[in-house]
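Take a look at this single chain in structure tokens; it is the form predicted on its own.
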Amino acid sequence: MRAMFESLRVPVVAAPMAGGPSTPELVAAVARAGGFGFLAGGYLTAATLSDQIHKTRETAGETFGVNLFVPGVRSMVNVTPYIERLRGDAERYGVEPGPGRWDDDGYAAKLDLLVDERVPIVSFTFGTPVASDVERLHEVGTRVSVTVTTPAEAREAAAAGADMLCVQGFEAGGHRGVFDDDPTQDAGGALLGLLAALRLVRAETDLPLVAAGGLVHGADVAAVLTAGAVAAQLGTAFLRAEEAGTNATYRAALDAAGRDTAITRAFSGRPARGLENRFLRENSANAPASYPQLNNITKPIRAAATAEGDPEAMSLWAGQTYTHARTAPAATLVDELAAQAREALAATSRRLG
């Protein structure tokens, strides 16, 4: 696993971004530019994910991975009050709130697919897969990565047989990778910045570490490589890539760069960082820690707001440094990141004499 990422011409990984932004075109473009990309298996059916894998292989070969969400324990929280709270939002867009049901996102079928397809790397978010799932992937030559936010999570993932860890700092956009969402904490658990998380996790394991969270510039890439990561994983930096599937309203909100970011459970029931909008401000304080029930409840509202081009009820996931990302072809972004990283490392070397 270490060799795979150390052999990259550019140690940059395009993060899996579920819900549309990650596309085969984006993953392939990053791979052709010398980096590595992940398809986002979350929210997709196994059939759709299969199509994306085949399209990616046509242009990226075997330089790609796939991310899955680990199913959590079924929450017993009563979500009816939240459904009733959102009826006004739903009426605004002419829809009904979705059913507050639990599901496992088709996990078993997608895992079977990835075993059959012998995908090079499979990464997991929201927890560690059971050891038998890790063994199935290892048996077909697939390497396993697990997203962690704390040293304790790193120990658990290493014990389950993970080959690599993606260390996520609280600066990251989108869902936090916390294994257990603590409902008493707004962020779902301990808030560790990326550099602190890297240092603490490195003290626990010798597994290769990929760094994620608020990285948008080549100097950020250089910083995490210096801190011991084998590669830097960037999501927000690629949201406006020409090959990304980010919708026009989402892109416009990112372009405007006039909003702060905040961590909220309002859209999905799990803590995630996104641009502040009306829905986030009005509902964050009342959103229970109940994923994926809340995700299913808010889905029709989010879809209707997107269709109307209204960013005020969309989940606009973005990292803290989103204002420094820009629109360009993915290959251009990778080339710029590489050049900036080299410049930053040269400046650091001069500073240290």
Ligand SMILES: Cc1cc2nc3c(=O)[nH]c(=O)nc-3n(C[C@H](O)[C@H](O)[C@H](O)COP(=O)(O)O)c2cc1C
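When you see a residue number, it is the position in the sequence shown, counting from 1. What you see is a predicted model, and the numbers here were worked out from it, not measured in a lab.
Another form exists, predicted together with this ligand; not displayed. Remarks below refer to it.
Asks: Could you check which residue among Ala18, Val10, Ala331, Ala341 gets a heavy atom within 4.5 Å of this ligand in the predicted complex?
Replies: Contact residue from the list: Ala18.
Asks: Picking from 23 to 31, 286 to 294, 49 to 57, 66 to 74, which part of the chain touches this ligand in the predicted complex when contact means heavy atoms within 4.5 Å?
Replies: Of the options, only 66 to 74 has residues within 4.5 Å of the partner.
Asks: Three residues, Gly173, Leu215 and Gln233; all within 4.5 Å of this ligand in the predicted complex via heavy atoms?
Replies: Each of the three qualifies.
Asks: Are any of the heavy atoms in Val210 no more than 4.5 Å from a heavy atom of this ligand in the predicted complex?
Replies: Val210: no, not in contact with this ligand in the predicted complex.
Asks: With the partner left out here, check for me: in the predicted complex, does some heavy atom of Thr125 sit within 4.5 Å of this ligand?
Replies: Thr125 belongs to the contact set for this ligand.
Asks: Using heavy atoms and a 4.5 Å limit, would one call Phe36 a contact residue for this ligand in the predicted complex?
Replies: Output for Phe36 is no: heavy atoms all beyond 4.5 Å of this ligand.
Asks: Is there a heavy atom of Gln168 lying 4.5 Å or less from a heavy atom of this ligand in the predicted complex?
Replies: Yes, Gln168 lies within 4.5 Å of this ligand in the predicted complex.
Asks: In the predicted complex, which residues of 236 to 250 put a heavy atom within 4.5 Å of this ligand?
Replies: Heavy-atom contacts to this ligand in the predicted complex: Thr236, Leu239, Tyr250.
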